[in-house]
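What follows is a single chain, given as structure tokens, in the form predicted alone.
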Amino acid sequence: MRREHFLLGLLAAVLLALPLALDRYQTSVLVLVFLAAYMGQAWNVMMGFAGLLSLGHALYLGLGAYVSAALFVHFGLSPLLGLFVAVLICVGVAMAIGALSFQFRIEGVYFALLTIAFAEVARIGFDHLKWTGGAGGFFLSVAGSQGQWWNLRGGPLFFYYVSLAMAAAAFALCVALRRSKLGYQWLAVREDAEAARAVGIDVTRARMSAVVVSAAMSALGGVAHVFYYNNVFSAQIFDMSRSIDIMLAPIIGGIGTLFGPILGAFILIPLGEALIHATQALGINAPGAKAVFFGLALMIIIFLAPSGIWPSLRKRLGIGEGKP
């Protein structure tokens, strides 16, 4: 345990001081890494802890982004306050999906299809909602607002520490959840729902709590996303490819583990950036070239570590954290 605490402390110290040695572009890449790690943890709560496969998790990311941005642009409400509204809306939608699913025993791949359907409905809806820009996108003004931290206005260095704090907070929350009574209930439901019912666990309540926690976390990710990029497009943020991006970090790192989403993000985001530069340097300008090489890299990773990189790595490091 002391060794684990020492490694975590050393990692925290390195990450806090790291921007001093990085340029603007490298700092921006790490912002994307931390945001990916954060969203990976949010998705991992549902799938990794409770066994609920969500293929439309971009729904909560997009709702969080649009709600906070609309409140800021139209009413001047700080995103730190708009976040609460975004979380409430995302939780309400998540409860509606959960109630529909669990009431009619919609499970497994059918639950996953339902999440895709809701994300598609949101994409089409915001595509036609002129109040938030419609299909042309919704843009945040940056004129005269730089440096206003309470409005999440700042450059890459500012968002580096914001995203780092988010990733660290998500990790700490997941540690607490997994060690809690609720975390053990999620484990029981994930492994065998009928056996969990037999020992007195309210399976519906446990699953609903996982959906709500994951949606609330994802709402915060959406707020950070839109205020970092200063724009949001419904066709992009609600697209299934966005949901896949959210899933990839915990899948590659190790589903159900605490460090898996973090490690996966540190591998996938720099890998994607490196492939962009590599294809440009090699003069490969064919559409989809980066996706092909990225897919090949993922196939190699999955072949070498079918259960995720972290479960294999932790054994070599002698660290006890694995799947719950």
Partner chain sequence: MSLLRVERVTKRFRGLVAVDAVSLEVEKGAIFAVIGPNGAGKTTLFNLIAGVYPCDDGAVYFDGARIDGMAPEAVCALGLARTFQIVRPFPGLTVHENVAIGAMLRQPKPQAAFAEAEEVLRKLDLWDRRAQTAASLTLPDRKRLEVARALATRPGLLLLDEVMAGLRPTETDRMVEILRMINREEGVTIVLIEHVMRAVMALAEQVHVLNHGASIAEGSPREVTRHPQVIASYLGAEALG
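Residue numbers count along the first chain shown, from 1. Bear in mind the structure is a predicted one, so any value in this text is a computation, not a measurement.
Beyond what is shown, the protein has a form predicted in complex with the partner chain; the following relates to that form.
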| property | result |
| --- | --- |
| Listed range touching the partner chain, judged in the model of the complex by heavy atoms within 4.5 Å, from 131-139, 228-236, 193-201, 248-256 | 193-201 |
| Option touching the partner chain, based on a heavy atom within 4.5 Å in the model of the complex, out of Leu187, Leu71, Leu164, Ala216 | Leu187 |
| Residue contact check: Ser180 to the partner chain in the model of the complex, 4.5 Å heavy atom | yes |
